[in-house]
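Below, in structure tokens: the form predicted alone, a single chain.
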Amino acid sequence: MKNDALSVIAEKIKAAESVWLFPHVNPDGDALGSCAALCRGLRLMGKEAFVLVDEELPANLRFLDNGYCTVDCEKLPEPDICICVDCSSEDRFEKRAQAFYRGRLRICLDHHPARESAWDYNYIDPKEAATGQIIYALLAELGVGPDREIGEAIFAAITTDTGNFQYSNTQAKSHLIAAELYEWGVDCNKVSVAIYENVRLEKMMMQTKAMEGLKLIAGGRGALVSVSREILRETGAFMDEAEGLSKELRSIAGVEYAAVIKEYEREKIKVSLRAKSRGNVARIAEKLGGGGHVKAAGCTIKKPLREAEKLVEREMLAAIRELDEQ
């Protein structure tokens, strides 16, 4: 798939008056941080810019929304440009897809591998540790100068998608951008506390309950937990608060593959997959109808929870056998 230069995309944005931004459903720190940074930059340029979302934002990321996010686009000025951020397919923002097509031009900014894209302009680079790094470069092309609020959002995007700079996708560039953000006046400790040390008790109860059902396979090289709707009812937690469980599983000594299996509806199961060192979870996700990065991927399985668990376990065991044969 052909990428357009960020300089070309910047010129299109400069000519627009109204821009709508579309993060993926259940936005994480990279999706929301990238959108918040770009939205702030566009408003500093005098443009009408908004972030369209489906649902209430995760509690630990709400500090990023300084009047940017809305679930109602009917009162907004019609968009000259619509940009999907941290996602390259409309099935990642299905409820808002119709609104996305209202843009005269449609642009994609992402770091996830994409098979194809139907948009007018694309900048998709899987080598980037986070979409926030792409936004950082785009804002430079747009001529938006250093700004503390933008910096906080970009730092949030990079720190979350690199596992606080611990994951193997972390680049020298990631650290260099973070260092530059200090010069912008960003309090990185404040952002980190908001993201990582702002946990609801209900979330901790849910994660504890889920970990009670931890299943280790292949001699402890694979780890799986499920978050059912029943667990959410019992604890009062929200499904987006399952974020972080995959990191906990992957941190277990000996574990190479980790899976968090989340029951959104009776036959709508979302799976978050992680690998530690040699594994490739993108292959597992692709076999289950999804995709993603080598070390972080996901999929949706339209089957009951127990059937989904068996499918994930089967593919994880196959992946472990493949590693043994290499």
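All residue numbers are counted from 1 along the displayed sequence. Here the structure is a predicted model, which is why all the values come from computation and not from measurement.
Keep in mind that the form predicted in complex with guanosine-5'-monophosphate is not shown, yet the notes after this line are about it.
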| query | finding |
| --- | --- |
| Candidate spot Lys270, Gly290 and Ala297, all three touching guanosine-5'-monophosphate in the predicted complex (heavy atom, 4.5 Å) | yes |
| Proximity of Arg106 to guanosine-5'-monophosphate in the predicted complex, heavy atoms at 4.5 Å | no |
| Distance check, Arg250 to guanosine-5'-monophosphate in the predicted complex, heavy atom within 4.5 Å | no |
| Interface membership of His112, guanosine-5'-monophosphate in the predicted complex, 4.5 Å heavy atom rule | yes |
| Touches guanosine-5'-monophosphate in the predicted complex: Arg92 (any heavy atom, 4.5 Å) | yes |
| One stretch from 48-56, 270-278, 33-41, 65-73 that, in the predicted complex, holds residues within 4.5 Å of guanosine-5'-monophosphate by heavy atom | 270-278 |
